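What follows is a single chain, given as C-alpha cells, in the form predicted on its own.
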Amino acid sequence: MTAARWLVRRLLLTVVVMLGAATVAFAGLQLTPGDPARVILGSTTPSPEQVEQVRHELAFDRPVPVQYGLFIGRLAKGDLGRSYQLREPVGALIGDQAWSSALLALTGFATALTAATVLAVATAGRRPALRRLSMGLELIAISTPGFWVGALLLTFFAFRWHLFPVAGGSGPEALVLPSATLALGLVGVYAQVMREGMERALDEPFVLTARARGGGETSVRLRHALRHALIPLITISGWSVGALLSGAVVVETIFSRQGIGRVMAAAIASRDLPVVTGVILLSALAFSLINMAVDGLYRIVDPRLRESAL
C-alpha cells in the first residue's frame, strides 16, 4: 500500500472518529436535564411563548433523528452554533482561545521531553544511586496531583518570592509556572520509558561496535541508544495528548490563563452546551491528527516500518 493510500485511510478514520465524537456530544445534549431554551433565555422568567419560539427556531421541537441530521449537517458546514451565554459563534470563541492553550501544551511537552531526556541519558545503565534517586523522584512526580503542584509553585515563586506573575500575563515569564505544572507529571512517565528503551539498546551489538570505534559514552547514548528509545516514547507521547488537554483545564483555572481549558470549565458550569460540544470535537480532531503524526514519526525514526503496516 502506498503512502498516499495510507494517508487517505487515516483521514477517513479521522472522519469516523469525528463523527463518533459528534454523536456522543449530541447524545449528551439530549440526556442533559433541563430545557436548553430556558438556558438560552437566561435567568429571567420567560413566558411559555418565548420558550416555544426559541425551541422552534433551534429545532428543539423536532423529532430526535431530525435534530441529529440537522446537527451533523451544520457540523459538516463548519457551523458549531452559538454560545448560549456569550451569544458568540462557538467557532470564533474557541479559535480566540486555541493558540493560548496550544502554546501552553507545546511548552509543557517540550519542558517534559527535555527534562526526561537529560534524566534518561544520565542514569540509563549506570550510576545506580543516581538512578534510584531519579526513579524515586519520577514516581513522586507521576503521583502528585497537578492542582497541588500549581498551588505550591504559586505560593513560593509568585506570592512569596515574586519571581513570576500571580495570574494571567502575556509574556514568556507567564508561561514558566503553568508549563512546569503541566510538565511535571509527564517528566516521570517519559523518563521511565526512555530509560528502559535506552537500557535495552545499550545491550545491543551495535552499541558495542560504536564503543569499539572510539565513541564516547555520552556520544554513544545520544547518537545511537537514544534513537532506539524514541519508538516507545513516540507512542506514549501520542497518549499524553489526553493528559495535556485535561491538565490544561486545571492549569488555566489555577493560573487564570485564557485558553480552551477555562472556556470548557465555564461552559460546563453554565451548561453552555454548544461550547462544550465544540471543545469535544476540537479535542477529538487534535487527538486524531496527533496520532496520525505519531504513525508518521514511526517511519522516520525506524525506516523498517515504512513498508510494513502501510
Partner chain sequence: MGMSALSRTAWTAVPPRRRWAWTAGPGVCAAAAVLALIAVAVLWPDLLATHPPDQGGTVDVLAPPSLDHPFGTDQLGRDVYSRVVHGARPSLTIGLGATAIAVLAGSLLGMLAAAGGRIADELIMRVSDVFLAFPGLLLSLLVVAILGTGTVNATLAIGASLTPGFVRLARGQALVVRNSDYVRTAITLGQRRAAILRRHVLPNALPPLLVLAMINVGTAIIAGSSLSFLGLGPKPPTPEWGAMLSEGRDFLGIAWTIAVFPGLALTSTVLAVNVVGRWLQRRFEGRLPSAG
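Positions refer to the first chain, counted from 1. A quick note: this is a predicted structure, and the numbers were derived from the prediction, not measured.
Same protein, other form: the form predicted in complex with its partner chain, not shown, and the subject of what follows.
Original post:
Are all three residues 143, 254 and 277 in contact with its partner chain in the predicted bound form, where contact means a non-hydrogen atom within 4.5 Å?
Top reply: Yes, each of 143, 254 and 277 comes within 4.5 Å of its partner chain in the predicted bound form.
Original post:
Of the options 116, 180, 154, 174, which one has a non-hydrogen atom that comes within 4.5 Å of its partner chain in the predicted bound form?
Top reply: It is 154 that has a heavy atom within 4.5 Å of the partner.
Original post:
Does at least one non-hydrogen atom of residue 96 fall within 4.5 angstroms of its partner chain in the predicted bound form?
Top reply: It does not: once its partner chain is placed as it appears in the predicted bound form, residue 96 has no heavy atom within 4.5 Å of it.
Original post:
Do residue 271 and its partner chain come within 4.5 Å of each other in the predicted bound form, heavy atoms counted?
Top reply: Yes, residue 271 sits close enough to its partner chain in the predicted bound form that at least one of its heavy atoms falls within 4.5 Å.
Original post:
Taking the shortest heavy atom distance, is residue 17 within 4.5 Å of its partner chain in the predicted bound form?
Top reply: Residue-level check for residue 17: yes, a contact with its partner chain.
Subject >> residue 11 within 4.5 Å of its partner chain in the predicted bound form, heavy atoms >> reply: Contact check for residue 11: no, nothing within 4.5 Å of its partner chain in the predicted bound form.
Original post:
Can you pick the stretch from 67-75, 100-108, 86-94, 157-165 whose heavy atoms fall within 4.5 Å of its partner chain in the predicted bound form?
Top reply: Partner-contacting stretch among the options: 157-165.
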